[in-house]
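What follows is a single chain, given as structure tokens, in the form predicted alone.
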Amino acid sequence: MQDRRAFVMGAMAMAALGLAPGVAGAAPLAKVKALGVLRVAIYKDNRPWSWREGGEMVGIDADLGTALAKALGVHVDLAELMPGDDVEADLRNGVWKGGLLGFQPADVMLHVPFDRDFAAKNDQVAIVAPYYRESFQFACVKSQLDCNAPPLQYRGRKLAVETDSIPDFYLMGAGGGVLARDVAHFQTGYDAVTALATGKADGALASRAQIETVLAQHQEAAIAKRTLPLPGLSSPGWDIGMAVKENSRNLGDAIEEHLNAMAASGQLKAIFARYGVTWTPALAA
């Protein structure tokens, strides 16, 4: 009877922590502390944020996830997430349900759009901890283009973009499609900017982080960045945050507290600088 009572009490304690056998899903703070591990979902092949190098996950998000786990006093488990059809699918696969091929839900997912309307449509998760303000930027070879010229003046020059991205749609549709023949497609924005920096393109439209990290790696390249807004490009920028499962809001609160401390101490800025990117606080921070 004593063994039976101990078993029942132990099972109740495990259930309170979300540790009951067969219970899948992301963990509230108590479970993370009890297990001693923070599982962090970061995107596959997403330079400068996260990618695999020498068998390990590296990048801004990889370093940030590792730093947050350390601040919580636990180990980190960096989970490489294959992008789905859209961010909603990524949240389902990465946080609240799990994905095909046996991907187990993470406790927190990084690089999630921090937007009120988007959050309202995804009520299985809590979107927290905005940590960066991203935007699109155009860069060009100084000797070939005037970066601040109207885009239609880029006609006849090779313009690099990520396939099926907003920069792709923008340049393909500019002026009724007059630049369409000049647009060269690459697998990622990072690859597109690398083509610019290595003399294989005259201009590139990508995220500011992608441009900054490539130019930091190719400081010898004579590349200029556009300082004027691109006419007709509707996106003024967006905040990037994190997502936890809806029942893990206390974990999200703890992450936000440590993130704010990292911002105040300069640690967050240093993580971005490691990859050549200027940390810009999210507007919602």
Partner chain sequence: MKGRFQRSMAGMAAITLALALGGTSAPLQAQTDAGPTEAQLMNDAKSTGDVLTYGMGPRAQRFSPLTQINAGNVAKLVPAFAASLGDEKQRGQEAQPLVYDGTIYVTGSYSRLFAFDARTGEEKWKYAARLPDGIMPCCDVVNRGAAIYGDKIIFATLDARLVALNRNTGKVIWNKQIADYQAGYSATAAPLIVHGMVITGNSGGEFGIVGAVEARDVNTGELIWHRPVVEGNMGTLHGKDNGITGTLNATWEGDLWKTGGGATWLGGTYDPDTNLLYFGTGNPAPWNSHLRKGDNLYTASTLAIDPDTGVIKWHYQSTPHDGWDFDGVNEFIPFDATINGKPMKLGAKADRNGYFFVLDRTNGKFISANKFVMKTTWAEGYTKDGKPIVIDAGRPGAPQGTEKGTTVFSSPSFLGGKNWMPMAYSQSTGLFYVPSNDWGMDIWNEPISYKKGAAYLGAGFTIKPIAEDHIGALRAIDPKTGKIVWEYKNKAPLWGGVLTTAGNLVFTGTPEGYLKAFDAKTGKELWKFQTGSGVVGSPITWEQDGEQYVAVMSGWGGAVPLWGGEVAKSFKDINQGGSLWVFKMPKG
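Residue numbers count along the first chain shown, from 1. Predicted model, so just to flag it, every value in this text is computed and none were measured.
Beyond the structure shown, there is the form predicted together with its partner chain, which is absent from this document and is the topic of what follows.
Checking Ala106, Val214, Leu81, Ala129 for any heavy atom within 4.5 Å of its partner chain in the model of the complex turns up a single hit: Leu81.
Asn93 is the sole member of Thr194, Gln137, Gln144, Asn93 with a non-hydrogen atom lying within 4.5 angstroms of its partner chain in the model of the complex. Look at 68-76, 111-119, 197-205, 147-155: in the model of the complex, residues with non-hydrogen atoms within 4.5 angstroms of its partner chain sit in 111-119. Contact here is defined as any heavy atom lying within 4.5 Å of its partner chain in the model of the complex, and by that definition each of Tyr43, Arg181 and Ser234 is a contact residue. Residue contact check for Gln124: none of its heavy atoms lie within 4.5 Å of its partner chain in the model of the complex. Contact between Trp51 and its partner chain in the model of the complex is not found at the 4.5 Å heavy atom cutoff.
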